[in-house]
Structures are given as structure tokens and as C-alpha cells.
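For reference, the chain that follows is the form predicted alone, supplied as C-alpha cells.
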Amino acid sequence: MLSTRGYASTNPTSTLEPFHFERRDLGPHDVLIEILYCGICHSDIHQARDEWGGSMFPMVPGHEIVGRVARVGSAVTRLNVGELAGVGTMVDSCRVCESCKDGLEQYCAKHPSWTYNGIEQDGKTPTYGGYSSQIVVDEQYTLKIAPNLPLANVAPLLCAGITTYSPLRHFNVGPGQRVGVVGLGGLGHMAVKLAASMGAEVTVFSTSKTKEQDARRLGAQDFVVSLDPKNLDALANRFDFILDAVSAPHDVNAYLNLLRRDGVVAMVGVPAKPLQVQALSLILKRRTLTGSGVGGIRETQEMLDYCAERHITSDVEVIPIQQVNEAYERTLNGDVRYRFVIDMNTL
């Protein structure tokens, strides 16, 4: 077993504190990654505080992991010692169900083994995430990281990047389409960058007027303060696709009504309480309300390669691990532009 240092929460009301635990020894197909940076995702906070239910403690959060390969198993062929590597939201799946065979491991019929707050495929071993010094992952669930981008800025691509890239690709967003992005946070700012890079005309909807300059810098052509219903009414039936990245309670019908016939609202934010949907918001224009969960391993590698070619990364604030609890509170207050990333050398 491999002695590992990290930070963990021990119950839903505790702060994150130093924590020592053991990783498994390398098997023939495993890769040992020395973690250099790990992003802080809003879902880390939800799960550390058991806001979605079912959290397991002690919990080491973190699924936006980038680092350097320190060791490889005897049968590993894709990665070499010294190369950069990443780990996203999952570290395994059943590999035999229809979804896994289609490269959509996040929808595994058995269960994906999430990078933390999850269970390995043996059904009993808990997983621990990237707020730690090292991680052992099967090479099939390890991503290659291009060396031409700043590593700290790449880390959030492993969740925020793929979570927004996947629905944009699935619904064929491209030139000539009008795309809305609801919420300019960790997910939303990546959605703007990616949709703009795909040639779409992007409009950002935000409750904060102060984010307009950033929205335009990131690639948006228009900015709408969503607190005023009149601003939304003026855009009825305009959009082909809207990505909703808000994790707080809000009126999704207001955005459904902005869609043209056959338009789509894709949910990637996860509000803690159910949203109410008016049937006529969908029926009158044959609109679709859907959701999208991260992305499979193949698509995540595609996204990383896409971003490397176009020099797309996240806007980040790098912090030492000792400031993680402060970063959680600042995230909840919207006080970050647009993702905190932990420098794991400070561990």
C-alpha cells in the first residue's frame, strides 16, 4: 500500500483538515500520478457537505487532477514515467455494459467508480480524490495532458471543460447558431469559451452586471442581466441552444421560452431542490429540456486535445491547500474568477 497525504472532511459540518490514508499498490495496468494541481468544483462542496445525500466520510474531494506519471505497471502501454497525465470525474466502470462499450462510461449501467465519494468496481473499496499527493488509476481511465498549456489552468478542464464540451458537441453546436449560457461561473465561463470557439453566437445570462466585461472577453457577443424579466421577454424564440450552468434555484421556464422551435435547454448545473417545469413551455414550440453528465473517457481526451490545439484553458486563481476552506466559502459567494485550483506542492 502507498502512504498518501491529503485533506479530508470527516462529516458534513466539518472543515477540511490534513488526512493520511493509503492508496493501493500498482497493478499491471495501473499508473501512479504525482498530483501537481487539483481544481475545486462546486460539486466538491455539495458532496463534502452531503447536500445531495449519500456522502461517505472521511471524504477526500477533487476530480480535476493533473500531475506527472511517477510509476507505471508492467503492462501499461499508453503512458511513460515523466509524462503529464490527468484524472477526471471517474476512475473505473464496469467496461461491459452498452454505455461503457459506447465510450459513455459516465452512464455505466452498473455504476461508474467516481474519483471520490465513490466505490471501486469490487463494490466495497471507497475512492479518494485529488486533494492529495498522489493517485493510482488504471491507464484506461487516465488522460494525456499536452505540455503546451499552463498546467494549473488545464486542471478544471477535467470537469468544467468536459461538462460543457460534451453537450455542445452532442447537440452539434456550430457556426450560425445562437447559443445562450446561463450563469458565468466555473462551468459557464468554459461554456462561453468553447461555444465561441465552435463558431456560435454566444449570449451570457447573469444576475451580475459586473460580469459583462468578462463575458465579452471570454467570447460572448451579448450579455443580458437576467434579474429583469423584460430583458428576457425581448429575446423570446431566439435561441437554438441554451446551456444552463446554474446550481441555485431558478426559473428554467424563463429560458425555455427563449428557444426557437425544436430548441434545447441542457442542464449541467445541479440545483439542490427540484425545478418546476411548465408543460406549455415545452409543448408550444416542441422544445427540449435535457441534462448532460460530464463525458466519457474518449470524449474527455478529445476535449483536452481540442483545447490544446486552440489554447483554451480555464481562468483560475491558484491557492495553497491551507486555504481550501476559505476557497469553499468564496466559491459559494461567487468570489472567484472563475475556478480555484490547489497547488498540491503546498501539501
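Bear in mind that the values here come from a model prediction, so they are computed numbers and not experimental data. Quick note: we count residues from 1 along the sequence shown, nothing fancier.
A second form of this protein, the form predicted together with a further copy of the same chain, is not displayed here; the remarks below concern that form.
- a further copy of the same chain in the predicted complex comes within 4.5 Å of a heavy atom belonging to T288.
- By the criterion of a heavy atom within 4.5 Å, V268 is counted among the residues contacting a further copy of the same chain in the predicted complex.
- Though the partner is left out of this view, L275 does reach within 4.5 Å of a further copy of the same chain in the predicted complex, counting heavy atoms only.
- Taking the partner from elsewhere, S292 is found to have a heavy atom lying within 4.5 Å of a further copy of the same chain in the predicted complex.
- Of the candidate stretches 203-211, 108-116, 69-77, 152-160, only 108-116 contains residues with a heavy atom within 4.5 Å of a further copy of the same chain in the predicted complex.
- Here is the short version: of K144, H170, R217, R238, the single residue with a heavy atom within 4.5 Å of a further copy of the same chain in the predicted complex is H170.
- The contact residue chosen from E120, D222, D233, D102 relative to a further copy of the same chain in the predicted complex is D102, the criterion being a non-hydrogen atom within 4.5 angstroms.
- Looking at 37-52, no residue comes within 4.5 Å of a further copy of the same chain in the predicted complex, counting any heavy atom.
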